[in-house]
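So this first bit is one chain, no partners, the form predicted alone, shown in structure tokens.
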């Protein structure tokens, strides 16, 4: 939507700028911790959600629940973001079902199988697995579906890098816990940041806005020692919650952020200010 050319703010319905009613939004990793909150927020603001995730996550069942709960059309799609044919099938499904596309949220990620593996022993296969899902998956989604936005009047893309694409992991955070962060995760997320900035410039004239949300420390029943460690290094002295990340998504997908592109919105409790 073209912004109103005015300097009179009384002509603007600021509340309506945040609405997503009628917009078709594809969300990958949609059944994950943050992905579920993303889907719920978009649906509550009236968006039609394409819930895309791996088959094991049962995205079709979640889409049905989302649709019934919010009285808006939502559809599930079983997706492998690292396979081009699967991403192409998703694009075809979206246009066959909704005949339009307004936003893409790349919330998929992979790092869990490397949490306990030190850098010195990371195998080529494990490195490639993380890169294929995180970075290549985001590339494919932007290329295949993002190109459709560029060809059809624009839209919004939101990618999810990481605090560890902004700063390095503080290894003291993991002391006394079973947790950790693999190098492949940081490297892949750094690539997402660079790709997002490139595309923000590349597609700006096509009215495609490309932005990022960087969450950090999203609570998921963490062990007590990790929560205690985290509080020592965070200015806000606590972990975040997935719903706190989702509020930022509504802004970046909606017309409220009509003059924002290439931005990385840090939802990390001030972690990187120190």
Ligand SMILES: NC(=O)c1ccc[n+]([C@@H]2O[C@H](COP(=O)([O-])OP(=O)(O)OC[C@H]3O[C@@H](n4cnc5c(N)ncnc54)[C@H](O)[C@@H]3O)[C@@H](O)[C@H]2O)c1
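Residue numbers count along the first chain shown, from 1. On a predicted model such as this, the values are computed, not experimentally measured, just so you know.
Although not depicted, the form predicted in complex with this ligand is the subject of the following passage.
Using a 4.5 angstroms heavy atom cutoff to this ligand in the predicted bound form, all of 33, 80 and 107 count as contacting. Residue contact check for residue 160: one or more of its heavy atoms lie within 4.5 Å of this ligand in the predicted bound form. By the criterion of a heavy atom within 4.5 Å, residue 111 is counted among the residues contacting this ligand in the predicted bound form. Contact annotation for residue 215: at least one heavy atom lies within 4.5 Å of this ligand in the predicted bound form.
Residue contact with this ligand in the predicted bound form: residue 57 places a heavy atom within 4.5 Å of it. Checked against this ligand in the predicted bound form, the residues 184, 173, 133, 72 give one hit for a heavy atom within 4.5 Å, which is 133. From the list 39-47, 64-72, 217-225, 203-211, the contact stretch for this ligand in the predicted bound form under a 4.5 Å heavy atom rule is 217-225.
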